[in-house]
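Below sits a lone chain in structure tokens, taken as the form predicted on its own.
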């Protein structure tokens, strides 16, 4: 039995209402809101968050491979999946691979993971899918897309939550939506052509092929997770294929927006959380062709819950992001430079030497007295023992804010820069940037948690590290 053994999701904290977009652009307002990644987030950081949600606070020690699927990797030449693996504290002897260039990338990665497990070349594979699609201001995509990520562990054995029963794929070289090497935004051909010759035709074709191979039709599925190209076409296509409205998984358009390659994976994560043992789920991707994957939910699914999942992230989102602030975060309007000089390009040798500290947030713990400390030390700050240290990971440990300040002079996309000192539960103090919050929300003693973020980019090099954010429960962010 091979299939999904864990799943998780990530939806950014900030939400931009489509009414705010319409008021600023003069276009017709669509209902709902879109999730917006902060200026310190990208597809890598969101993938790490979704993976941590799936892992439930555990390190990825048991992983044999890490796959990242996205159309918006931060580098054109550099393995972003390696950064995801490093942030999760995965051992070096794993395979990392990227699946990119298509909205189908998530399904491609899932199928490759299943093939790797079936072939015996991997026992457990992490598939993280994240996207942050660039849409032109005032264009039709701007209010439709959203940002987000989902992650799945693929393995075998009695811990499988949903086994892959069957799959069928079709491939088509159709120019529907694309982004060339020099294009800053996603481009699209005329809508009727994309829907009639691409989306509608290819999804029908893949489902006909699946039925011929398996005999399964609409009545055999509890849920259909159909890639949402547009909310209007999504509902019409599902009905035209013979699915009843109650079978169709919510595309999350009203609350998140369509998250590109991560849209259908987010829907799958939400469907798994609601599924009952014995349910059949039909997952249909769309991009340069289509994939149809049939999952059968097992008894083990009722025992698994992600740390937050789609529902948990939706509950803690914050509305009220202004359109101008969103444009500034995306670099679409000029911003006043900071009062201090911009930070220089990070040193590659320094990044390499400090990778465990910077990417996995690994400090040290004294084996003589047990005191954790960050950054890693040779001499214990408590008992002064020398070279009696072991690696100690802080990323998933609860912490509390000790003190904080707002820096209005530092160069930042979204000033002021919030800085604080935090104390970890079990020991260890750290100076850290704070994110996903305003200065007036902070107070000494408040619980915080660590989140993997992008500090800055200089000369094409992304500099990642960890920040702290307030721990929120349902309703706090609104």
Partner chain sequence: MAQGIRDRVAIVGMGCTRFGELWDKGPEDLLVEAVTEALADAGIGPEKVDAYWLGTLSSGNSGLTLSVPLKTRYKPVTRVENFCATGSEAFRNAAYAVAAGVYDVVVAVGVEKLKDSGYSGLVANLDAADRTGPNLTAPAAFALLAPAYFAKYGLDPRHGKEVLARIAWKNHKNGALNPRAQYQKEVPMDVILKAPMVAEPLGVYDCSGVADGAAAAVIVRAEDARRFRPDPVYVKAMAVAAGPGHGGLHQDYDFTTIRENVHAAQEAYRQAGITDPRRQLDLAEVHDCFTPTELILYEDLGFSERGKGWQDALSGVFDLGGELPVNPDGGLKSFGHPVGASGLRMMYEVYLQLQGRAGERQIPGARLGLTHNLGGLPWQSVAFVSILGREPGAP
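From a predicted model like this one, the values you see are computed outputs, not experimental measurements. Numbering follows the first chain given and starts at 1.
Although it is not shown, the form predicted in complex with its partner chain is what the next lines describe.
- Proximity of residue 419 to its partner chain in the predicted bound form falls within the 4.5 Å heavy atom cutoff.
- The closest heavy atom approach of residue 59 to its partner chain in the predicted bound form falls outside 4.5 Å.
- By the criterion of a heavy atom within 4.5 Å, residue 89 is excluded from the residues contacting its partner chain in the predicted bound form.
- Among heavy atoms of residue 377, some come within 4.5 Å of its partner chain in the predicted bound form.
- Residue 381 is the only one of 381, 172, 239, 332 with a heavy atom lying within 4.5 Å of its partner chain in the predicted bound form.
- The listed set 134, 372, 74, 137 contains one residue whose heavy atoms approach its partner chain in the predicted bound form to within 4.5 Å, identified as 372.
- Look at 425 to 433, 49 to 57, 62 to 70, 33 to 41: in the predicted bound form, residues with non-hydrogen atoms within 4.5 angstroms of its partner chain sit in 425 to 433.
- Looking at its partner chain in the predicted bound form, residues 216, 218 and 230 place no heavy atom within 4.5 Å of it.
- Counting a residue when any of its non-hydrogen atoms is within 4.5 Å of its partner chain in the predicted bound form, the hits in 378 to 407 run 381, 382, 402, 403, 404, 405, 406, 407.
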